[in-house]
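Here's a solo chain for you in C-alpha cells, the form predicted on its own.
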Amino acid sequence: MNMHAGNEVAFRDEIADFCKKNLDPEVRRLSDLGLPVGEAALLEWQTKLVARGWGAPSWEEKWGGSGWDMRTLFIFEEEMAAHGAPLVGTFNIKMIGPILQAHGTPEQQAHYLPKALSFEHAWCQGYSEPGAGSDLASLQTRAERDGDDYIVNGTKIWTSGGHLANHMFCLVRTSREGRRQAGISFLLIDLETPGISQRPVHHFYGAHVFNQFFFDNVRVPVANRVGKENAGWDIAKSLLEHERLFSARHTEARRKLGRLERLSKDVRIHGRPAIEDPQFRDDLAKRKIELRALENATMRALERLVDDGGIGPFASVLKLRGIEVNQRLDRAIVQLLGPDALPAQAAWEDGALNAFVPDEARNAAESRYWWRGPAIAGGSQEVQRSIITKHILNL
C-alpha cells in the first residue's frame, strides 16, 4: 500500500480502531510507562498483528510483510506509539528479517523468516565482546572450518535480551589475514546448541537486560553462514544502519512526550498545574520541536533507504540526535516529578507507593538511567561524531 494525502486520515483512524479493539488496557498502561509488558503479552499482540497483516510492516509481502512504502510505515509506527502499543520484536522484525531478505539464501529465507515473524524463533545480536565494543573490527570470537561445520570459540557481551532468545545472529572471525574487517563472517546460531552458556549482566539498579555468552567448541553448520566467508563485515554494516536508524527511537520519544504532557496537567508548580507555568510551557515547546525535527529526519532516512538501498553515515546523525532527544525528555519528566521520581521499580511492587505517588512516576528514574546504555550500544556517541566528521563533513 502506498500512502496518499487523501487516505492518510483514514489509515490513522484504522490503526486507532484496531488498537482500541485489540490492545489490552494494562499492556497500554505499562507500555506508556516504559515498563516490560511480559513475553506472553508481546506474543499475543504479535499474533494479532500478524493476523491483521501488520506483523512485519517493513518486509516484502511474500514473506508476510505489509508491502508498504516508507511514508505508510512511518505513519503506522507513529500511530502505534500514540495509542500505547508495545514495541515488538526489534531483533526479529527490524534487524535479522531485512538482512535475510537482502543477503540470505532461498533456503535460509524459507526456514528462518516465517519463524521470526511468528516468534517461534526469538533473536538476539552477537556483536560486542569484552575487548571489541565500539571498535567492533577487533572482535576475537573465532570460527574454524571443520568439514560442513564451523567450530566456534569465544565470548559475546552486552547481548540485549539474550536470556529471552533462542537464536543469535553473530559475527565471528574466520580469517586473520589482511585487514581486520576482511576476516569476519556472519553466522546464525541456535542457542540450544551444546557448548553455549550464558550469564546475566545486570544494570547497576538491578534490571536484567544484558547478557554474556560463552562458546566452547560449538558446532555451527556452514549452511548457517549468511553471505560469503570473510564477507560478513559489509552485512554487519548494513545491519548497523538498520540498528542506528532504529536508535533514533522517535516512537519511544513520542511516548515520553505524551507522558510529560499528561504529567503537566497533574503536577503542580506554585499551586497551579505545570502546563500553566510559562517556563515549563517554553521547555515543553522546545521538546516538541526537537521531536518533530527528529521525526522529519527519520522520514528522510527512510526515503533514502528506498532510493539508495542504504542511509550510510546519516544513520549516525539519527542515532546521535535520537539519543539526545530521548535523554532530554527523560530528564524533563524526572525534573517535573521531583522527589516522586526517585523510587526504583522494586518499591512499587509491594503497592506501598500507590496511595501517594502518581502512577506516571513509575520507572521515571530508571528510564533515565537506562538511556545511558543506548548512548554506547551500536557505537558510542563519540564514534558517531567521528563518522559524521569523516564521512559527512570530510574533515
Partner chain sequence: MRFAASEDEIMVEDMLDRALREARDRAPHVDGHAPRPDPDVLREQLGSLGLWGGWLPEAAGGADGGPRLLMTLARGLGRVPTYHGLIGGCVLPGAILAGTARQDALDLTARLVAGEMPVAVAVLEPGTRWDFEMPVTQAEPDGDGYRLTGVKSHVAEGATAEVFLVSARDGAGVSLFLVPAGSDGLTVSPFPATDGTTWAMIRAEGVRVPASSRLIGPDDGLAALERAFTLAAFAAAAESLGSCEAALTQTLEYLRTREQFGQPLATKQALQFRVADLHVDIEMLRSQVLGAANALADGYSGRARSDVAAAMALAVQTGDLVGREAIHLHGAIGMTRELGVGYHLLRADVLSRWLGSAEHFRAKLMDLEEHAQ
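So that the term is clear: the rigid core is the largest set of C-alpha atoms that superpose within 1.5 Å between two forms. Since we're looking at a predicted model, the values are computed, not measured. Positions refer to the first chain, counted from 1.
Keep in mind that the form predicted in complex with its partner chain is missing from the display, and what follows is about it.
Student: Where, among 164 to 172, 286 to 294, 182 to 190, 115 to 123, do residues come within 4.5 Å of its partner chain in the predicted bound form by heavy atom distance?
Tutor: Of the options, only 286 to 294 has residues within 4.5 Å of the partner.
Student: Only one of 208, 142, 281, 111 gets a heavy atom within 4.5 Å of its partner chain in the predicted bound form. Which one?
Tutor: Only one option qualifies, and that one is 281.
Student: Between the options 275, 201, 82, 102, which residue brings a heavy atom to within 4.5 Å of its partner chain in the predicted bound form?
Tutor: Filtering the options by heavy-atom distance leaves 275.
Student: Residue-level contact is defined here as any heavy atom of the residue lying within 4.5 Å of its partner chain in the predicted bound form; does residue 382 satisfy this criterion?
Tutor: Although its partner chain is absent here, residue 382 would touch it in the predicted bound form, with heavy atoms inside 4.5 Å.
Student: Would residue 300 count as a contact of its partner chain in the predicted bound form, using a 4.5 angstroms cut-off between non-hydrogen atoms?
Tutor: Yes, contact at 4.5 Å.
Student: So in the predicted bound form, does residue 314 come within 4.5 Å of its partner chain, heavy atom to heavy atom?
Tutor: Because a heavy atom of residue 314 falls inside 4.5 Å of its partner chain in the predicted bound form, the answer is yes.
Student: Within 4.5 Å, heavy atoms only: does residue 22 come near its partner chain in the predicted bound form?
Tutor: Outside the cut-off, so no.
Student: Using a 4.5 Å heavy atom cut-off, are 138, 225 and 230 all in contact with its partner chain in the predicted bound form?
Tutor: Heavy-atom distance to its partner chain in the predicted bound form: none of the three under 4.5 Å.
Student: For residue 91, does the CA position differ by 2 Å or more between the shown form and the other one when the superposition is done on the rigid core?
Tutor: It does not reach a 2 Å shift.
Student: Using a rigid core alignment, state whether the CA of residue 298 is displaced by 2 Å or more between the shown form and the other one.
Tutor: Moves: yes, 2 Å or greater.
Student: Once the two forms are fit on the core, has residue 147 moved its CA by at least 2 Å between the shown form and the other one?
Tutor: No; that C-alpha moves by less than 2 Å between the shown form and the other one.
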